[in-house]
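Quick heads-up: it's one chain on its own, the form predicted on its own, in C-alpha cells.
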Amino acid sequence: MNIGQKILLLLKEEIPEIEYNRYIKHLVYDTKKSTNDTAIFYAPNNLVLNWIKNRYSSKIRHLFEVHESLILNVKIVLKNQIEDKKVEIKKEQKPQQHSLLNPSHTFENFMVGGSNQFAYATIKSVSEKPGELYNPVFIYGGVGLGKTHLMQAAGNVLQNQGKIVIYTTVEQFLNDFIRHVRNKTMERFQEKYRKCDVLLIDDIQFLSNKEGIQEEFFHTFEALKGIGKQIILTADKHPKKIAGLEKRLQSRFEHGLVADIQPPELETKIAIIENKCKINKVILTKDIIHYIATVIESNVREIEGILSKLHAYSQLMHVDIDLQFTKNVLKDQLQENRANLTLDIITQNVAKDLNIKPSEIRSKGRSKNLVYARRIAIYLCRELTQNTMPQLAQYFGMQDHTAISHTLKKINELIQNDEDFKVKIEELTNKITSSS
C-alpha cells in the first residue's frame, strides 16, 4: 500500500461512507510524479475533482501532516490531463507552513444577507486590521451556514499578505497535541501554534469537558492575544451555552466580539444556489432554483450536495434537468429532511406568521382571515408531510377528503395566478423546513 492509499483510508474513517464511495474511492495516487512537497491524485471526472477540491483537499493535507509529518501541496487533477500533457508543478507556489485553507473560500463568493450580515462585516473588518479591532472574534451558528467559509476568507486575505496563518479544528488541534505529547516534542507544538500571526479554530464546542487540552489552549490563546495576534473561533452555540467549558476560557471568548449566523432567508438561499450553480457549471432554471431553495434545509453544504447529485444523475442518465426530474431525484432526501415535521408544527408556524391562534385554524370559523390561514395550513401539511387527505380532513375538522381536495385546488389556482401569494407560500415553506 502506498502512502496516498494509506491517507485515503484514514480519510475514510472520518467521513460519511456514502461520500467516500461516491467520490474519494475513485482517487488514484501517483507515486512517480508525487514529491516531498506535492501529492498528486487523479480524479476520473470534473464532478469528483471539484467536489474533493472544495470539501476534502485541506483534510487530506492535514492527514499527511499529522500521520506522515509531511507539509505539502495536494493537487487533484483529471487523469486525462496528466496523460495528455505533463503536469506543471510550480515550485514558487510552495504551500504556507501549517496552513490548510481552502482557496475557494473568499469574501467575493460568500453570499451576504440579513442572516449573516453582521458576522460578515465583522470578519471583513478583522481581515483589514488583524489584532487591532476585535480580538478574539467568536462566530457561532448551525451546521453548514458559512462559519468556516467566513473564517477562511479572512485567513486567505491575510495569508496572501504574507502573514503566517494556521487553520485547524479542535479535533485536529487535539490530535496534534496528543501526537506531540507521545513523541515528547511539545516545544515543537507550542512553537507551531504560538508563533503564528493568525489562528483560526473551528468547532470550539468540542473543547467541552477536555481539561488537558483546555489548559493547553488557554496558554496558546493568552500567548497570542498578549502579542496582538488575531484569533478567530467558531462554534455551534454561544460561549455561555457550551457546557464543560472553563470559565476563564468562556470569559475570554466573550471579551472580544461574538456574532451569530442564522439560517439564510429565502432570497439569500436563492442567491447561494445561483452562485453555486455558476461555480460548479450546473445550469438550472429559475423555477428549479426556487423549488430547491424553498424545500431544502438551510445548510449550504446540503445545497452543494444537491447540485452535485442533480448534475451526476443528469450526466449518467443523459437527461436534462427539469423541475419534475429535480423533484424525483430529491424525493427521498426531502422525506428524510421532513421526518420531524408534524401537522402541529406546520399549523403553529402558519398561525404565528399570520398572527392568529393555531386553535382558530382548526376551528369551524368562517371569517375571511381564518379561511385564508386554514387553506394555507392544509396545503403545506399536504406538501410537507405524508398524511393522506382523509387524515388531514380529520385533523382540521372537515367533513371528508373532498373538502381537502377542494381546498388544495383553490390554493393551486392562487399559486398559478397570484405571484405575491406564490412568494408567500415559498417563504412560509422555507421558514418551516429551516426550523424543523
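Rigid core (definition): largest C-alpha set, two forms, superposition within 1.5 Å. Predicted model, so just to flag it, every value in this text is computed and none were measured. A residue's number is simply how far along the shown sequence it sits, counting from 1.
There is also a form predicted together with a small molecule; it is not shown, and the following applies to it.
K.L.:
What is the one choice in 311, 225, 252, 276 with a heavy atom within 4.5 Å of the small molecule in the model of the complex?
P.N.:
Only one option qualifies, and that one is 276.
K.L.:
Using a 4.5 Å heavy atom cut-off, which residue among 229, 362, 149, 290 comes into contact with the small molecule in the model of the complex?
P.N.:
Partner contact (heavy atom, 4.5 Å) among the options: 149.
K.L.:
Looking at 351-359, 177-185, 301-309, 67-75, which lies within 4.5 angstroms of the small molecule in the model of the complex, counting heavy atoms?
P.N.:
So the stretch in question is 301-309.
K.L.:
Any chance residue 198 has a heavy atom within 4.5 Å of the small molecule in the model of the complex?
P.N.:
Output for residue 198 is no: heavy atoms all beyond 4.5 Å of the small molecule.
K.L.:
Answer for residue 133 alone: is it within 4.5 Å of the small molecule in the model of the complex, judged on heavy atom distances?
P.N.:
Residue 133 lies outside the contact set for the small molecule.
K.L.:
May I ask you to check whether residue 164 falls inside a 4.5 Å heavy atom distance of the small molecule in the model of the complex?
P.N.:
No, no contact at 4.5 Å.
K.L.:
Would you please decide whether residue 123 lies within 4.5 angstroms of the small molecule in the model of the complex, comparing each non-hydrogen atom pair?
P.N.:
No.
K.L.:
Quick one: core overlaid, is residue 59 moving 2 Å or more at the Cα between the shown form and the other one?
P.N.:
Yes.
K.L.:
Between residue 56 and residue 145, does the Cα distance in the model of the complex come out closer or farther than in this form, changing by 3 Å or more?
P.N.:
Farther, not closer.
K.L.:
Quick one: with a 3 Å or larger change, is the residue 148 to residue 55 CA distance smaller or larger in the model of the complex? Answer closer or farther.
P.N.:
Farther, not closer.
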